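This document starts with one chain, in the form predicted alone, laid out as structure tokens.
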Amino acid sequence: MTDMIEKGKGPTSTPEEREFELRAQIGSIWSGGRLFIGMYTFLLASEVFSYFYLRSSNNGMLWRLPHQHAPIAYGWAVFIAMSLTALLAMYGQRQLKKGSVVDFQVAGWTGVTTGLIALIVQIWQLTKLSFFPGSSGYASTYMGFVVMNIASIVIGTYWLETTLARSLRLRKELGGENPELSMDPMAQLFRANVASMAYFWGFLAIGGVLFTAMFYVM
């Protein structure tokens, strides 16, 4: 690094160094998003392992009592709302890459709405259960799934909302037409964050298929 000093502004770096730092930041967002998904996978995998272990062992024939059925209609409603949110997040990110900021914002805010609907329905579903937590292996694993799913929806929807808020901030700070598409460092970091957010929602959608099959189909 250089030791150049601007009057009253402290040390500065060359354009090459600033470009390197920007690339490093973008790479960190990319890697951090994928590492977060990897760590989250272990959390979901523990739920899958518990489900199939208790189901296969069925100690005392207490895996699942005859009357224990999760509310199927609510479960499918949550799954559909989460799938729509994931599709909207990925569609918005794709449209942003094509240069359509309006499509990204419309898809994003619609996705926030469907995410909140999924969250409300998932919480409301707890009032409609026909069993108590811990009354069987199925009941225990189901409650674990619900808690993790609520956390997933909150994280994903919050992440989506913050990208939209950041888009509005870029418009205020950078000005001009569609500053989200510019080569300004803030805009480049914004697009990297949007890509990681969409990737996370795709991961949640895939996980939703598995858990919906486990608790509402099998």
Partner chain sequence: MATENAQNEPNHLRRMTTAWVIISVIADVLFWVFVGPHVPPGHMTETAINNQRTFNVLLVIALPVLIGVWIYLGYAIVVWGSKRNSVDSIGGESARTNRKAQTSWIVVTSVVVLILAGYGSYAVIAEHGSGGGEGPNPVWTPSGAAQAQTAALAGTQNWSPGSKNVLPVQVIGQQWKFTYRYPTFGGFETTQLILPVNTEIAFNVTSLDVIHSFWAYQLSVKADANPQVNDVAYTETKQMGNFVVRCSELCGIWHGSMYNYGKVVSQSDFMNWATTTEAANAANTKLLPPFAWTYVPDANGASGGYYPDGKQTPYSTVELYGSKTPAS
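Predicted model only: the values in this text are computed from it and were never measured. Residue numbers count along the first chain shown, from 1.
Although not depicted, the form predicted together with its partner chain is the subject of the following passage.
Residues of just one listed stretch (84 to 92, 99 to 107, 131 to 139, 70 to 78) have heavy atoms within 4.5 Å of its partner chain in the predicted bound form: 131 to 139. Using a 4.5 Å cutoff between non-hydrogen atoms, L65 counts as a contact of its partner chain in the predicted bound form.
When contacts are judged by a 4.5 Å heavy atom cut-off, G176 does not count as touching its partner chain in the predicted bound form. In the predicted bound form, G60, M61, L62 are the residues of 48 to 63 with at least one heavy atom within 4.5 Å of its partner chain, listed from first to last.
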